[in-house]
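Given as C-alpha cells, the chain that follows is alone and in the form predicted on its own.
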Amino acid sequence: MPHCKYLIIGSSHAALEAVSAIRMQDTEGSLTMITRDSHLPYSPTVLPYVVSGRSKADNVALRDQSYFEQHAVEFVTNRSLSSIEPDCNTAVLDNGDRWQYEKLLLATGASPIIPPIPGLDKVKHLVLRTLEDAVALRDASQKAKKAIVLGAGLVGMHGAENLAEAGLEVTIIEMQTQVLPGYFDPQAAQMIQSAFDQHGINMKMGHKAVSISPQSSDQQNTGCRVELDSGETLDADLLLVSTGVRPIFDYCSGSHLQTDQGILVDNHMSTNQKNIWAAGDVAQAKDFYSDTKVTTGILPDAVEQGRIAGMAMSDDPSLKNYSGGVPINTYTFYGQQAISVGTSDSSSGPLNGEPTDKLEIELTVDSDKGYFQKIIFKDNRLQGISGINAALDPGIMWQLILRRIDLGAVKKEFVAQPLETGRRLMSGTWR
C-alpha cells in the first residue's frame, strides 16, 4: 500500500497553495497530489479564454512538471477519491488503490449542477468546468449556428459572449429577473445586461425551461428544442448548461466526516476527523459577515483556505485563524470591467445581524458612460464595494473588509477616490 506523510486530493488553487505552505515548513516530508484531471493544474477561470481561442489548451498550466520535481511532489492524474477510512488513515481511489496518509487534505472542488428539466438527459448538452469541457465547447461552437445558454451566472455570461463572438445566435435563459444574481445588485446587473442586449444576445430573464426535447428534424441528434414556462419554444443546435455547481464530497459516505452543503471545517480548515482537512470549493467554512458556515466558490478564498490548511498540516507556528469568506469577483465583458467585493446588495435583508437602515450606501451612476460605483459602509467600515468601469483594486478592497479598517477619517476621500485612498491605507498596514 502506498504511503505518504501528506496526501492532497485535488490540484487547483487550494491544493497548490497548500503544497507551497507545507514546503515552506517541511521540505522533506513525502507529499502526493492526486487529481481526477488528466492535465497539469489549471485554473477554472481560464476556461472561457480556451473557448474563445485566446488561450491554448496546452498552455494554461499553473505549474509545470519541473515544479513537482523541484518540490518533491508525486503528481498522480486520472484518479478520483472513492472513499475515506479515517480510522486507519486510508484513502481509497476509484480504481481500488488504497493510499495510507499521515495527513490528508480534501480539495476536490465542485461539479456542475444539472437541473432536473424533463428531457434534458435525452439531448446532447455541454457544461464548462474542466479543460475538456472548454475544448468540447470550443469545437462545438465551430459547427453550430444557434446556441441556448441555461443560466446567467459568470459561466453562462462568459459562455454566451464567446459563442456570440464566434458568430452564433445566442439566447440566455435565466429564472431570476437579473443577470449575475448574487454578484451585483439589480441596477448594476441591468447595465451589464444592456451590453449583451446591444450585442444581439437574446435575454430571457425571469423565465425557466420546463421541458427539453430533440429537434425532430435533427438527424444527428445534436439539436434541441427548449420550452419555456411562458409557452414559447426555442430551437438550438448547441445547449450550454451553466446553472451552478455543487461541492464534490460523495466520498465522505461512511467516513463520519461532518458535512452539510460541503465538508464542515473549523478556522484552521480541520474537519471533525483527526488528520483530515478540507479547503476550496468543497469546504464549508466560517462566513465573514455572520456566524454561519458557507461554501463560497471564490478563488481568493480557495487560496487562503489552502494556505491555512497547509500551515496547519505542517505545524507552522505562524498559523492564524481563517477570517471568513468574503465574496470577490472580477468580470470582464465586451471590453468593460465589473468588480464586486463583499456584499453588493443591501436590499436582500440584514447584514451581519444588523438591519439595513444601519448601513450607509454611497452610489454614483452615469449610465451614458457605463459607470457604476456602489460602496456600503457599516460603522465607518467597508462592507462591500462594486463597480462597472470604476477604478478599483479588488485585492485591496478585499483586505480593507477583512481587516475591518476604520475609514471614518477618510470616508469622503475614499468615496471620491477608492483606488488611491485604499492603496495609501494598505501601504501603511500591509504585512
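Note that this is a predicted model, so its numbers are computed, not measured. From 1 onward, residues are counted along the sequence shown.
Absent from the display: the form predicted in complex with a small molecule. The rest refers to it.
In the predicted bound form, no heavy atom of residue 18 sits within 4.5 Å of the small molecule. The small molecule in the predicted bound form comes within 4.5 Å of no heavy atom belonging to residue 309. When contacts are judged by a 4.5 Å heavy atom cut-off, residue 342 does not count as touching the small molecule in the predicted bound form. Under a 4.5 angstroms non-hydrogen atom cutoff, the small molecule in the predicted bound form has residue 109 among its neighbouring residues. Looking at 286-294, 206-214, 228-236, 78-86, the stretch with residues near the small molecule in the predicted bound form, meaning non-hydrogen atoms within 4.5 angstroms, turns out to be 78-86. This chain is displayed alone, yet in the predicted bound form one of 188, 241, 201, 154 has a heavy atom within 4.5 Å of the small molecule; that residue is 154.
Among the residues 129, 146, 138, 98, the one placing a heavy atom within 4.5 Å of the small molecule in the predicted bound form is 129.
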